[in-house]
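What follows is one chain in structure tokens, specifically the form predicted on its own.
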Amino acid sequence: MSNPLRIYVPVKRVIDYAVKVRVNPAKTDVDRSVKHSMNPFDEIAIEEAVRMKEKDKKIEVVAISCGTTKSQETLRTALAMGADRAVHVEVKDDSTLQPLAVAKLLQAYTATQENKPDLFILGKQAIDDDASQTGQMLAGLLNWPQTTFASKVELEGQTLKVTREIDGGLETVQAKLPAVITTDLRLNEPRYASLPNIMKAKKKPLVKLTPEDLGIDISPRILTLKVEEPAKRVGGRKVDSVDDLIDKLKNEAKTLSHTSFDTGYSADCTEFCPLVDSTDYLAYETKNDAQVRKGKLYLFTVDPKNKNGLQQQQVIEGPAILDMKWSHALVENRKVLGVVDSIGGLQLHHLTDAGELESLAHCQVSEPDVLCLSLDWASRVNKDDHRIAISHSNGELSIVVPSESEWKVADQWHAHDLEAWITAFNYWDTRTLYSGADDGLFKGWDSRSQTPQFTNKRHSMGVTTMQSSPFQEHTLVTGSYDENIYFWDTRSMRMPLKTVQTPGGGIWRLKWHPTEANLLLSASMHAGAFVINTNTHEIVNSFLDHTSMVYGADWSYVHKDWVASCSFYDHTMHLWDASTTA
């Protein structure tokens, strides 16, 4: 073994994770004339190596990068994060480096005694090609043990104990040095390089050499013939006859509407009651488009076995409604629906034994010229927490709490510079609150001190929806006008775990299924409504009968496959069965 113990961390310069990647005009590659940064998984690898060094000062951390001249910027970032020195294997600007060539370059450089490593820590994959091959190939070339997808690493002398992510959960393995590790997303949260460390990094040693110096042929073994954008969603079309229509419905159509309801006002929210003995109740809100906003709150009972399916029980007129949600826990032994409106108010209704909504309380949350845009209850998992979070058109967030005699604003703070479209609790730790706004920012907050825990710029347009999973403690989904649904692990918010697109329309609302942990419902505005399997991250069903933007959608809590969705300008709600496809 070398003395001191030496850790090599390969780092790659990639297109920044927040950049929306486009194909170049020649369709030979993606457009690379955009912002670049260090591959996020490599940041995790550097962080882990530096943490080991902080525990044992004798450890030497060496960052190494194979790439063009601009890769030196990435190496300087690694040095600023804490690496001791850097190595740059420089290639020409028109070179194409593939995983096997990189693995050979790493093997060749570290073959001499003076450069001999004890441990390689690599990111499990690069976010540009997602190959996830270099670490495994390097271990094969070196004939070293490897532990991939590491979420925890413990180094004790010459022994590694690594917890790794597998499909069924976690696996713990042990290996002797020398070895190769590839890092998974949950291993750590990389530090930001401070300004003093960035300045110090300029004085740290950086060695330059070429593949020719190492005697390695980096010629690509795979040739890319053409690069194309994903196919866009095909729009609707007219048919020439009834026979043609029947044929299309039989062979091509997706889910059909069971029944629909036209309110006359624009519709953007629909919510099934989640509470026992009342799960057949559906609340539905509408608003007009006049200068003085007015709205209606409808209450239905739902019975899919009935041909009509929807039975109107009640309608309440008032200010235009922007959002509403049922509490998942009884509030003072009542079933309560929270409604936020266009004049800064929160209205609480309770569902009586007679099946009608009665006013329970009102709270003026903001000035009347400020819209309340969304709300969320803290009680989805923790049934004893009855707080309500509300987001506003002036970018503020509010926390409303019950007291002995009334509901009142406990906290209110400025969170965004533009409309805060959405706010949501972390259902498993309701001290944490999330928000998204028209500024494209997605933020996490400590609701006790109103201080930001993180600010994420992954979405390229306004962030419009988010919901914490009621089944998996650390899972969160977010959606945006940019048509992307991101799946996050709340323990590491640097980048999402997975992405799903519903092309053709932004995402307005996301709803987890009440009982099936792997199903997610998306109200995707112009595109329609979609059901997503969160295990495979594939769209498994769609409802395309809406002729306007789909703003609201929700699952039934008693008829587990049934969905109610509503659209804006055609002011229509549809009831449909998400289990039926062509």
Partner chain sequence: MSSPLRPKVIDLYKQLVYLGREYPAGYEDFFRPRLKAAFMKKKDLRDEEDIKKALLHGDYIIKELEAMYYLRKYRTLRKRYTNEA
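Positions refer to the first chain, counted from 1. In this text, all values refer to a predicted model and were calculated from it rather than measured experimentally. Only the largest set of C-alpha atoms that superpose within 1.5 Å between the two forms is called the rigid core.
Not pictured, yet referred to below: the form predicted in complex with the partner chain.
Considering the partner chain in the predicted complex, the lone stretch of 444-452, 211-219, 354-362, 180-188 in range is 180-188 [heavy atom distance within 4.5 Å]. Heavy atoms of every residue among Ala18, Lys35 and Ile127 are located within 4.5 Å of the partner chain in the predicted complex. In the predicted complex, the partner chain lies farther than 4.5 Å from every heavy atom of Asn143. Using a 4.5 angstroms threshold between heavy atoms, Pro196 counts as touching the partner chain in the predicted complex. In the predicted complex, the partner chain stays beyond 4.5 Å of every heavy atom belonging to Phe530. At least one heavy atom of Glu43 is located within 4.5 Å of the partner chain in the predicted complex. With a cut-off of 2 Å and the rigid core superposed, Asp16 has a Cα displacement that reaches or exceeds the cut-off between this form and the one not shown. Annotation: Cα of Ser194 displaced by at least 2 Å between this form and the one not shown, core superposition. In a rigid-core overlay of the protein, Pro40 has its C-alpha displaced by at least 2 Å between this form and the one not shown.
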